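Form predicted on its own, single chain, as structure tokens, below.
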């Protein structure tokens, strides 16, 4: 019964382990400039996909809280944002490592790099906002409203603004995307499971944080 209930967690673990193994030891196409650094596509990009899904969860539960005033919805919003920011930081770090070997420097002020950093700062400000308000109900309501506006801002920063100017990132500024340029069918067999795996792991981590926060609140109430 426990296995049936938690099957998606085991699937997430297996897919992430599979992508790590293939990312380190699997074969990749020989490409100019990218060379072996193309392996980073199994880590950098799936982490960003997972981050975006968690920010979707954050916005969804923020709306739910505004409609219900249910503190569990607020807790879900907070913890999904927590894990989303963590994955975003990991995405930026892996992106910087990748940029160092392909563009010559870790941070080249590429429009997408700058926009991604600003998007993360927007969500970090979410936690600063929460920490500055003492009243729990007021904190939850104001931060929920903030989340509703933060999500579309993040979408604009990551997906729209970088496309309006030249960028070194694939799929931006006239550069071909991975689907048409770098990834072959063998890589797709690893890339898509990696995306699913990191999303499942991100949701699982948010669930663990939610339970820990709930236990913490219950212990304080006693």
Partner chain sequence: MISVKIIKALLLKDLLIEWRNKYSFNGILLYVFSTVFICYLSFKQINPVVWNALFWIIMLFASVNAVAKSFMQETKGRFLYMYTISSAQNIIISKIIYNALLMMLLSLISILFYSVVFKNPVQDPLFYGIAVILGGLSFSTILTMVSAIASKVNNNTTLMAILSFPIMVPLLMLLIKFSKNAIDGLDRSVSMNELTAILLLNVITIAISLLLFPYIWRE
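Residue numbers count along the first chain shown, from 1. Because the structure is predicted, anything quoted here is derived from the model rather than measured.
One more form of this protein, predicted in complex with its partner chain, exists but is not displayed; see below.
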Check your understanding: Exactly one stretch in 154 to 162, 191 to 199, 44 to 52, 22 to 30 has heavy atoms within 4.5 Å of its partner chain in the predicted bound form; which is it?
Key -> 154 to 162
Review point. Which residue, 86, 99, 150, 92, has a heavy atom that falls within 4.5 Å of its partner chain in the predicted bound form?
Key: 150
Review point. Quick one: is residue 56 in contact with its partner chain in the predicted bound form, heavy atoms, 4.5 Å cut-off?
Key: no
Check your understanding: Looking at the partner-bound form in the predicted bound form, is residue 185 within 4.5 Å of its partner chain by any heavy atom?
Key -> no
Practice item. Verify the contact flag for residue 73: yes if a non-hydrogen atom of it lies within 4.5 Å of a non-hydrogen atom of its partner chain in the predicted bound form, no if not. Key: no
Check your understanding: Wondering, does residue 116 line up within 4.5 Å of its partner chain in the predicted bound form on heavy atoms?
Key -> no
**Study point:** Check all three, 121, 133 and 138, heavy atom within 4.5 Å of its partner chain in the predicted bound form
**Key:** yes
Check your understanding: What residues in 66 to 88 sit within 4.5 Å of its partner chain in the predicted bound form, counting heavy atoms only?
Key -> 66, 67
